[in-house]
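Listed next as structure tokens is one chain, alone, in the form predicted on its own.
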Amino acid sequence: MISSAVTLQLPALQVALPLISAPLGLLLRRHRLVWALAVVVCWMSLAISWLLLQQVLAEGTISYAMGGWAAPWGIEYRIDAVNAYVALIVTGIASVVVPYARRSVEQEIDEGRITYFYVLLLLCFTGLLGMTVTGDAFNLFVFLEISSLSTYALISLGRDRRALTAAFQYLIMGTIGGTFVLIGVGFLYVVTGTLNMADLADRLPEVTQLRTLHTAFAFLVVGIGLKLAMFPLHLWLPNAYAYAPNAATIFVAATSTKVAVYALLRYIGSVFGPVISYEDVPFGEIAIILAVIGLLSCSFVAIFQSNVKRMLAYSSVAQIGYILMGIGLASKTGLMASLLHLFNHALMKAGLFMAVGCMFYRIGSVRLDDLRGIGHSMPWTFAAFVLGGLSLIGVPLTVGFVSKWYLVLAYLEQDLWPLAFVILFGSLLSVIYVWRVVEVAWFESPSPRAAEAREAPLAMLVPTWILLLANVFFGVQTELTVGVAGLAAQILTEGLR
């Protein structure tokens, strides 16, 4: 049993553990040792997030005052069902990605820079967990910048020169987004005199008539929207995913945008509250319109991609559209569907990018022309890709079906059946671009590269199958995900007040 003294410190350990481990990795220098350290840290963080979730479900919200300074004067880590659930997603993905990364990184990154890769990954991990557990608006911005800066550097480590261009493009757009977030936080401080989120939620109803408040809302939504790749603020994402090292793509795709969605949910649900977010400001209508346009347009663009990583990148923007459709509806069922899709999309997209990374490891390319016949030379790897594709489409018994089912139900509850049809049409479009890969890999004669390929190493194949089998497990056993997502949606609907 863990002592009560340690249990009380779990919120701080969640952030401090990877933060301390990052500079320690620089001291270790040897990349195999740094990789082992990263694996241990991620697994320990997963255990902490699981314990925090169990504690929240049993006892309610946890409030941790940093340095003993009580909120709102000091920085508070405030953990409820919403962020405990998101922290479990981030740590769970990291715990599988880092073991997978060793072979992939050794092939794709120069030996002298591999140590820096793991150090940057730990810093990004720190920033994402910090954003998740903090209850302070400015502290959230600080952790947002930690995760963003480390992500820019991770992307730039790709051997393709276009990785530098992609990192620079993301740097420019990410800096604009971060500036917008900081301006929004500054406006909130001007009108309330506090940065604590729970305190903000109590004080904002007194100043709802001020235009400064609505301006702050707009700045925060645009800034965070850029970080989560909300259409049309997604332009940084396709190149970033396509040219980053595969391990970096997997981690960022499965965690970064999900935590940004959480930050948006926390602001509109818990800080501003439903009245300001959906009545005083027409956020719901705008979110649904942009989500539908992004879902359809990016699905169409994905169909015509010749690079599988770019195809999956545009697919990610479309999947974010599903999440925003649930948020824009402002109902408990809609929010629950969005939270479910946070978890489910992390599983499916990480598994798909892992399968693609396995193919890249053997043939050095993920272009469709080079993948011709790869399904015969790498049957287990490509079977994993097909399973992930089925989940992406939303086939029953996979996690993709569960969240899309609840999203359709949310729209039917509001008698918005045309938008429910859009959700189904989006799934049909995903059938097309997934089938393009299947057709090339299984039904065309092997390319010279694919003909010489052999199955991926077990060190990469096993983590890939763990995630993709989780797509089936949580598609059948929905008690945990649906239960926690429902409780989180209720908290966001009611707010902190």
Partner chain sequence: MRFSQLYNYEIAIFLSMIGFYVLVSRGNLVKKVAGLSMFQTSVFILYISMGVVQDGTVPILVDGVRVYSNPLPHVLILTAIVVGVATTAVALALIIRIKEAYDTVEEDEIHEQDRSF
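Numbering follows the first chain given and starts at 1. Every value quoted in this text rests on a predicted model; they were computed, and no experiment measured them.
Omitted from view is the form predicted in complex with its partner chain, to which the following refers.
Asker: Counting only heavy atoms and a 4.5 Å cutoff, which of 385-393, 228-236, 202-210, 153-161 contacts its partner chain in the predicted complex?
Answerer: That would be 153-161.
Asker: Does its partner chain get within 4.5 angstroms of any non-hydrogen atom of Ile176 in the predicted complex?
Answerer: Residue-level check for Ile176: yes, a contact with its partner chain.
Asker: May I ask you to state whether Phe187 is within 4.5 Å of its partner chain in the predicted complex, using heavy atom distances?
Answerer: Result yes; Phe187 sits at the interface with its partner chain in the predicted complex.
Asker: Indicate whether its partner chain has at least one heavy atom within 4.5 Å of a heavy atom of Ile286 in the predicted complex.
Answerer: Residue-level check for Ile286: no, no contact with its partner chain.
Asker: Although its partner chain is absent from this view, report whether Tyr278 comes within 4.5 Å of it in the predicted complex, heavy atoms only.
Answerer: No, Tyr278 sits far enough from its partner chain in the predicted complex that none of its heavy atoms falls within 4.5 Å.
Asker: Hey, with its partner chain in the predicted complex, do Val34, Ile48 and Ile62 all fall inside the 4.5 Å heavy atom range?
Answerer: No, the candidate spot makes no contact with its partner chain.
Asker: Which pick from Leu195, Ala216, Val133, Ala291 sits with a heavy atom within 4.5 Å of its partner chain in the predicted complex?
Answerer: By the 4.5 Å criterion, the partner-contacting residue is Leu195.
Asker: Under a 4.5 angstroms heavy atom criterion, identify the one residue in Leu149, Leu296, Ile303, Leu416 near its partner chain in the predicted complex.
Answerer: Looking at Leu149, Leu296, Ile303, Leu416 one by one, just Leu149 meets the 4.5 Å heavy-atom criterion.
Asker: Heavy atom within 4.5 Å of its partner chain in the predicted complex: which residues of 86-121 meet that condition, in order?
Answerer: Result: Arg113 alone.
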